[in-house]
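Taking the form predicted on its own, here's one chain by itself in structure tokens.
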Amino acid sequence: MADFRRFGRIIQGCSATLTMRLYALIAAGFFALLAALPLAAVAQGNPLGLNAEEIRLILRHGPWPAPWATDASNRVSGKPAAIAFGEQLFFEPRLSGTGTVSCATCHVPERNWADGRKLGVALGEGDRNTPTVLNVRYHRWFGWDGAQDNLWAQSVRPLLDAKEMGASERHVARWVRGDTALACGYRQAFGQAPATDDETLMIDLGKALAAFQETLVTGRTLFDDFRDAVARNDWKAAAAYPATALRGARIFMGKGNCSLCHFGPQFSNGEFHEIGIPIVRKSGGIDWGRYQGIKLLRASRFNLLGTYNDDKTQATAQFTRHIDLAPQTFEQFKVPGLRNVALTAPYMHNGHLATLRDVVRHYSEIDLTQLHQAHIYAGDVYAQAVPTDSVLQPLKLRDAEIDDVVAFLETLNERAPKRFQRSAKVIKNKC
């Protein structure tokens, strides 16, 4: 997985078409190499009829949970006291400008840490769908447009957004310094009294929020059991996987080529692609996606090239340093992970598609005229330069095949989801 993440970051600056072709070339070379290696899971005459290539495609979507290391850019990543403080902040409405909404207003634990709405609603209605924060610790870019390159900056952004929490640095800082419990939580997390500089204190809150969100990971799925059974050549156990889901997996990883973007343990390459979804905002104007996100990322004083990165070598910033503001990034949006995907409707960056079946049908019958719409809008010199070729082509799946793909996607839901309960722990150390 680490190799794929590294590869994805390196090519972030490439054009959309070149990026997709590079993925295809790398994948082809990767599988050719594996074909020359012994693989216990490739059994002659296995009862499921899987060939060697299908087995290798299945195996690259695991294992789960995937390995993870603490975030070098965040000095309190993985620290228990910071996790506890971050949880406290996540559910704290007083941090908002009105004292009425919190992070959990949109990221509702009982709704898969999203909100089930087409567009997010907090102090006002936003322009984009609320993504889940589950498995966010594995991400390399944050937000539908990747306007943040780290989780702590992404955690700060809603605090200052007028449509979300509508706060200011001064408002947030006053609450933390003036509230005994919050000030105590800060001391436990960071080993000192709350920072005297408002912006520094706010960034520290973002880092505590990030530490908490890093703990939110989905459980194992029916697909994981199937994948691991195939890996150990246990065909009896593998045969328990539903036949409809297996047919759907073969389409997803075969002729559908969905795993070109949705690969790895998270079922996502973590990058950005154009998928033919309308880009006109409900509130008016155009959502330029990754193109605008790169502009915002470059301009942000909270990115990994800035002074708030706790990794003083800034090795964590190497991919931010090389991103390219190319015209091909118009209309590109982040490829979401697919774990628990059946629980995150509606879909796409603006909630344009209501059900999983709608999503599969969209790709089956994709309208290529919806791709690269940027050239029809005025206001940016690059808009005229967007190419019109695409790796996406209508799949023309039969209704039964669409049902099979949906059945496969439903096996990516965690098998035994844990009900989140707020921590009852009280910080016993004296502040």
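All of these numbers come straight from a predicted model, not from anything done at the bench. Numbers follow the displayed sequence, beginning with 1.
This protein has a second form, the form predicted together with a small molecule, left out of what is shown; the following refers to that one.
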Site check 75, 211 and 305: each within 4.5 Å of the small molecule in the predicted complex by heavy atom: no
One stretch from 76 to 84, 328 to 336, 311 to 319, 181 to 189 that, in the predicted complex, holds residues within 4.5 Å of the small molecule by heavy atom: 328 to 336
Contact flag, residue 227 vs the small molecule in the predicted complex, heavy atom cut 4.5 Å: no
is_contact(residue 273, the small molecule) in the predicted complex, heavy atom dist at most 4.5 Å: yes
Close approach of residue 347 to the small molecule in the predicted complex, 4.5 Å, heavy atom: yes
Contact of residue 341 with the small molecule in the predicted complex (heavy atom, 4.5 Å): yes
Interface residue in the predicted complex among 246, 238, 176, 261, criterion: non-hydrogen atom within 4.5 angstroms of the small molecule: 261
One residue of 203, 172, 297, 106 in contact with the small molecule, assessed in the predicted complex (non-hydrogen atom, 4.5 angstroms): 106
